[in-house]
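Just one chain follows, in the form predicted on its own, and it is written as structure tokens.
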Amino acid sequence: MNIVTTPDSVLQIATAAMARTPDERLRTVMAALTRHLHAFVQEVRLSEDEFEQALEFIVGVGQATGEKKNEVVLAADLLGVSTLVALLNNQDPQGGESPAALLGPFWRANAPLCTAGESIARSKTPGVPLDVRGVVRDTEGRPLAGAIVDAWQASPVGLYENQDPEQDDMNLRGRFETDAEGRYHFRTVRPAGYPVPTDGPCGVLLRAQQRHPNRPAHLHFMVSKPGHKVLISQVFADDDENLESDPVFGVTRRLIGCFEPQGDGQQATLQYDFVLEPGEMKFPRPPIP
């Protein structure tokens, strides 16, 4: 009979019940997930109290997600899952494409479409002026005209505009179209490192693990053009003290850019090129409106 008799018998009965799933990929993924979850519970001998705490954490993550932040994405980031998925799906050493990075919880779709050289600092945003330039190419080294470079960042005080009532809507966000030579160019202010949100369950987890919440300073990029896979990336400041302790494990060596001081250090430049691989131009779902 298909009746549970021992802890070990639950897995076989559960996976057998899922075996009729028509979608092959869903059947494969759920069977593997169930096997690993059961193995985890068996390995750590999960207590009933710990199981209750885990369920409360999951419920809390959902309840803490809203228009200002996405705690679900943040949880995946803090566990290293977001970076792992990005690397698994965007690592082809033969192709030469640019390295990908996690999307993060603060991307917004439909940022303003700007002219070349325009500043994305729309409200009073004090900080070191930063001039950002680069070229977008395909894997054959040819410049890609008409590619869209979507950039967004936290302010020098470490807040994205949707977190900060002092910033105008869409401040420090903008999209730029590459010219005939594949070049993009915009102005902004030098980003600062910032703490990930710690007012929800993810903050409780970080404190319990004695981990700091501070991400190294970075710019976010999403580069797209029809006929090419959308590239989601980040570029980190090379002088940030938290490069080796990013709480979301997002820093890889190729993502570190040179934020070059100019003159007496009152301004800076960043030169960073992108290479897109052929594929479907499919955008992610925005984590926030």
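The model shown is predicted, which means the values in this text are computed figures rather than measured ones. Residue numbers run from 1 along the displayed sequence.
One more form of this protein, predicted in complex with benzoic acid (BEZ), exists but is not displayed; see below.
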Looking at 148, 196, 135, 159, which has any heavy atom no more than 4.5 Å from benzoic acid (BEZ) in the predicted complex? 196
Partner proximity in the predicted complex: residue 77 to benzoic acid (BEZ), non-hydrogen atom cutoff 4.5 Å: yes
Contact between residue 237 and benzoic acid (BEZ) in the predicted complex at 4.5 Å, heavy atoms? no
Answer for residue 223 alone: is it within 4.5 Å of benzoic acid (BEZ) in the predicted complex, judged on heavy atom distances? no
Going by a heavy atom distance of 4.5 Å, is residue 231 a contact of benzoic acid (BEZ) in the predicted complex? no
At 4.5 Å between heavy atoms, only one of the stretches 105 to 113, 174 to 182, 118 to 126, 202 to 210 reaches benzoic acid (BEZ) in the predicted complex; which one is it? 105 to 113
Taking heavy atoms and a 4.5 Å limit, what residues of 127 to 148 are near benzoic acid (BEZ) in the predicted complex? none
